[in-house]
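One chain comes next, on its own, written as structure tokens: the form predicted on its own.
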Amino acid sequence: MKKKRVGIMGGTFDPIHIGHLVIAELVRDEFSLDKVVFIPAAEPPHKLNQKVTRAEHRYAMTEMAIASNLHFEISDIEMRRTGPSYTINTMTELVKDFGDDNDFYFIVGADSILDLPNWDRVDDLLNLCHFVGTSRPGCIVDMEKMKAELGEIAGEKIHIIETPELEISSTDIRRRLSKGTSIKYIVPAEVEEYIYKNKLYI
């Protein structure tokens, strides 16, 4: 039986924006994914010393943003756990929940691919899922170097694709909101309305 292909889009989503959605859809199409599961991080380990919007707000905004795409789903898998959200724990649980008849494609920026050798239990991760690195301005991934650091499995499990280099970031959106600048068309309309209604980032 042919395995299903499941994309995993993890992130802080503080807030989610159209760049996230465009990339997820492009990867879904490029790799013929059956669906993409968005997983808002509860406690991002790389942001433990930064102020992060409450998880329930970020989850709600993500749920609104993906509602119109039948191939997109959301999971609270990381929010149901206590402590920092490490990818190895999430992937181990996803494989257990979804079963062995699924191939997973973890979607990250190419800059995260460069840092992959430093990820917790990366060897185990490469056995559990593929990684899809989406292009970022000025970020070049040397796959020969990656294979030298991570082994030949890196050539099989790490994929780099070009995506539109949209100059959009959650950091910039938060900055715009703090200054009273418009964010229309940068985030979905429902997310924009939710932000103003709940006075987030203002």
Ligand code: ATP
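Note that residue numbering begins at 1 and tracks the sequence as displayed. For clarity, every value in this text was computed on a predicted model and none was experimentally measured.
The discussion below concerns the form predicted in complex with adenosine-5'-triphosphate, not included here.
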property: Distance check, Val187 to adenosine-5'-triphosphate in the model of the complex, heavy atom within 4.5 Å; result: no
property: Ser169 within 4.5 Å of adenosine-5'-triphosphate in the model of the complex, heavy atoms; result: yes
property: Partner proximity in the model of the complex: His159 to adenosine-5'-triphosphate, non-hydrogen atom cutoff 4.5 Å; result: no
property: Heavy atom of Val108 within 4.5 Å of adenosine-5'-triphosphate in the model of the complex; result: yes
property: Proximity to adenosine-5'-triphosphate in the model of the complex (heavy atom, within 4.5 Å), stretch among 27-35, 146-154, 60-68, 169-177; result: 169-177
property: Neighbours of adenosine-5'-triphosphate in the model of the complex among 1-29 [non-hydrogen atom within 4.5 angstroms]; result: Met9, Gly10, Gly11, Thr12, Phe13, His17, Gly19, His20, Ile23
